[in-house]
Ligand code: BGC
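Before any questions on how it binds or moves, here is one chain, the form predicted alone, in structure tokens.
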């Protein structure tokens, strides 16, 4: 790093041909390689070949996002009768908001990594006042690769003062293994009957809307590109898919989404213990990011499936609470299960 600190890159492999690489910088998933139905191995993630790329990245490729993933209206929130101001580092529709932890979120800090047999544990202490947040937040993020072809991302945090927390895993996926190809040919299923409508600044209005009879209905598998250009207000506001789906309530882990690339046979199922999932279809990728192997990442060549609490939850009393208090433990578990399907 520019300040002289070394950054470790960890490699985890299983016996079934999968390899994950994770970095102390940003607790980033640098790559995830797996074979297709014919045994051809490819990297399914967007990213960079060097630390320099990650250090200047502004798209959160592969990152651990915090303290609060997604958006907070006007960068302000109230807690225990006091109002706090965070950085407004994003302006969708020309309207400022706080996004993904601020000017220097968890994706831009150096974590401390520790290798285990099939896991890497990253630790970071976010000091009181960092990016305007309250309390010293002690965070642990663990990546595990299993023999069942599951990549686990688990986050835990404790605080010494009341604060808000919403840690998010932000990998961009392209299951074709070729980032020159669009993700519009992927089949997506989201196990949710409602989504959160937003205003022009992409801040939730506080209402829940049914996905039925809209282009946001992924209750059965649909091609991502099939309806993305339809004349529908939510798509116009976001420039495509960039919405939060409210998962069907259940205790513990639930299947949130399934993503399939028919040509390669690769399939990824996402399980979580969180109440929502943000599907972002790479609308803001415009070819200016030079990624791995010199590839530029064009419009909709990667997608994110981010399990999370609701955006702007600190300002919406009807949303699940994002407050963490001393003595409590924040926990977020996310499982990516990979399989291959035979030729249809």
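Computed from a predicted structure; not experimentally measured. Residue numbers count along the first chain shown, from 1.
Unshown form predicted in complex with beta-D-glucopyranose; subsequent notes refer to it.
Participant: Closest heavy atom of residue 195 to beta-D-glucopyranose in the model of the complex, within 4.5 Å or not?
Facilitator: Result no; residue 195 lies far from beta-D-glucopyranose in the model of the complex.
Participant: Looking in the model of the complex, any heavy atom of residue 59 within 4.5 Å of beta-D-glucopyranose?
Facilitator: Yes, residue 59 is a contact residue.
Participant: Does beta-D-glucopyranose come within 4.5 Å of any heavy atom of residue 172 in the model of the complex?
Facilitator: Taking the distances in the model of the complex, the answer for residue 172 is yes, it comes within 4.5 Å of beta-D-glucopyranose.
Participant: Give a yes/no on whether residue 31 approaches beta-D-glucopyranose to within 4.5 Å in the model of the complex, heavy atoms considered.
Facilitator: Outside the cut-off, so no.
Participant: Is every one of 71, 242 and 306 within 4.5 Å of beta-D-glucopyranose in the model of the complex, counting heavy atoms?
Facilitator: Contact check passed for all of 71, 242 and 306.
Participant: Name the single residue among 48, 319, 297, 280 that comes within 4.5 Å of beta-D-glucopyranose in the model of the complex, judging by heavy atoms.
Facilitator: Only one listed residue qualifies here, and that residue is 280.
Participant: Which one, 251-259, 164-172, 126-134, 222-230, holds residues whose non-hydrogen atoms are within 4.5 Å of beta-D-glucopyranose in the model of the complex?
Facilitator: Among the listed stretches, the partner-contacting one is 164-172.
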